[in-house]
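In the structure tokens that follow, the same protein chain appears in two forms, which are kept apart as structure 1 and structure 2.
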Structure 1
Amino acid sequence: MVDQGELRQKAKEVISREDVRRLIGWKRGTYGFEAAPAVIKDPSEADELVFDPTCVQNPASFVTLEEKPPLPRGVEPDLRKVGVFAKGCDSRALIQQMVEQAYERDHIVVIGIPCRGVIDHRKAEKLFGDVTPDLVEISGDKVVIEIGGEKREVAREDVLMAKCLRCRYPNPLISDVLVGGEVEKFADDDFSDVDEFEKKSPAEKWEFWEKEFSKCIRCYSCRNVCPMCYCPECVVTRLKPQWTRRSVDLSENTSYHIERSWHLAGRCIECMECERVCPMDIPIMTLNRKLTRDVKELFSYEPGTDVEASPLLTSYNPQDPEEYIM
């Protein structure tokens, strides 16, 4: 378990720096099994910060939400750095944002936090109901949850997010400050979930997606929470030209989700934020995982792992397969 005192002390040291204007992390939530994102600007606020398995949100999503010009007349832009806490998957998002030149490396100060997994609120609510836990911590292969003074141990797979059970990078891949020591990864990712889905016939696959896409209400929560969806204007809501209509029907919903999955090919860092926030429980990562595996197998490319890498679509390897070229 992360030492909260060490975490807050290092947060105070970072936010006290003259070249840092804000720090993005988590604070205790007021409802349910999820902490709340927090942005602090003063060392006195650091005592609110926490890290435990309820810290699900990816802070990298907030780094790109900076003040954009034009600013009000007479207001000078604040060019100081942004501090940000980062789990392993969060750090991959930061790296990929930098690979795509959303900002430079010296724009951020990364406080890395080795992570042993975070709570899937849907799993937890099925077991415990709509309650707010007093304590959540991981002990070996168990998760200890305390509610109303009563502690209960459950298996990791019963309450942790699927991404955590197959996490390849539990330790931050970049950091300027590290809280605690590194942890061992839980398991290797063999993409068995993708293999299992691909066993379905085309008719079965379409039946599956027809059911799922029909539920979509086009709230765009998946897009809005994604750390890799930071375009000033999204093509799916653009009117001139209009690539996708705003109709909430099977045809347009299918178009939206397929467009978005292709937009994330070679970019998705598998944080599962899209699936976590979907109010209709659509298994969005089923699409993203398929493309992630294909990109890895076909092009030996894994997004968010190397700050010096080029984006997938701007890189070239003479050994890349070219079967698609006529």
Structure 2
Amino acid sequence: MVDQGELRQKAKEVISREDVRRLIGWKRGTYGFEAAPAVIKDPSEADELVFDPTCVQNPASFVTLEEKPPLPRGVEPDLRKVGVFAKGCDSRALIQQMVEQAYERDHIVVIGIPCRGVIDHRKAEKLFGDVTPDLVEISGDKVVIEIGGEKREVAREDVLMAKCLRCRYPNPLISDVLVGGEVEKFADDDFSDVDEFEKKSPAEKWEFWEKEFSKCIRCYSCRNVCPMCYCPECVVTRLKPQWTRRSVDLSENTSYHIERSWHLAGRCIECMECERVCPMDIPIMTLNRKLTRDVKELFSYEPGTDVEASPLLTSYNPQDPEEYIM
């Protein structure tokens, strides 16, 4: 369990620095199993920051969100750094953004938090209903949840996000300040879920996706929340040329989902934000996972693990696999 005092102290130190203009983290949410994102500008606000297993949202998504409106003549842009909290998976998003040169390494101050898993609100709501817990913490291999003064212990598999159950990087891969000690790696990934899905025949796969894609209402939440989706103009809403029409039907939805997952090939860092925010419960990760697996298998490439790497699809190796090429 991360000590909240230490967390706030370190956050205070960072936000007090001359060269830091704001800090992105989490604060207590108003209801349910999820903490709310917080952006603070002043050391006095640091006391509202928290970290516990309800801090699911990936703060890396906010780093690239900032609008840069044209400034009046004579006004200098504020180029000071942005502080950002990062769990293991969040740090991968930051790295991948830097690999793509969204910003330079000295644009951010990373406050790394070794993490032992975060809550999947769908799983938790299924178990406990629509309640707000007083306390959530991980002790040993159990998750302790306190609701209305009553403590309950549940197995990790029953409440943690699927990404945590196969997390290979619980410790932040980059950090300037570390809160708490590093944790031991507690899980591994064998992509058995992808293998399992691939056993289906093409007809069965389509039957599955036809049902899922038809549900999509194209709210674009999955795109908006994604830390890697930060293009100023997105191809799916672009009008000239209009690759995907706006109508919400099976054809355009399929096109949207292929575009979205395809544009994240070799970039998705598996934070599962897209699937978490989907109001229609579409298993978006099933697409991302397939690409992640293939990228790893074909090109031994893992996005967001090496700041010096070049982006997968803007580099090549003459010996790349040819597979189906005639």
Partner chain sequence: MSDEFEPTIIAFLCNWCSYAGADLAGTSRIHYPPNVKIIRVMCSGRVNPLFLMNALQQGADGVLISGCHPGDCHYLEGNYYSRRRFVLMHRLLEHIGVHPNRVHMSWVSASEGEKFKEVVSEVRDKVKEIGPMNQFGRRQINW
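Rigid core: the largest C-alpha set superposing within 1.5 Å between the two forms. Computed from a predicted model, the values in this text were never measured in an experiment. By convention here, residues take numbers in order along the sequence of structure 1, the first being 1.
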Query raised in the report: Looking at both, which one would you say is the form predicted in complex with its partner chain?
Result: 2
Query raised in the report: Does the distance between the two CA positions of S315 reach 2 Å or more between structure 1 and structure 2, the core being superposed?
Result: yes
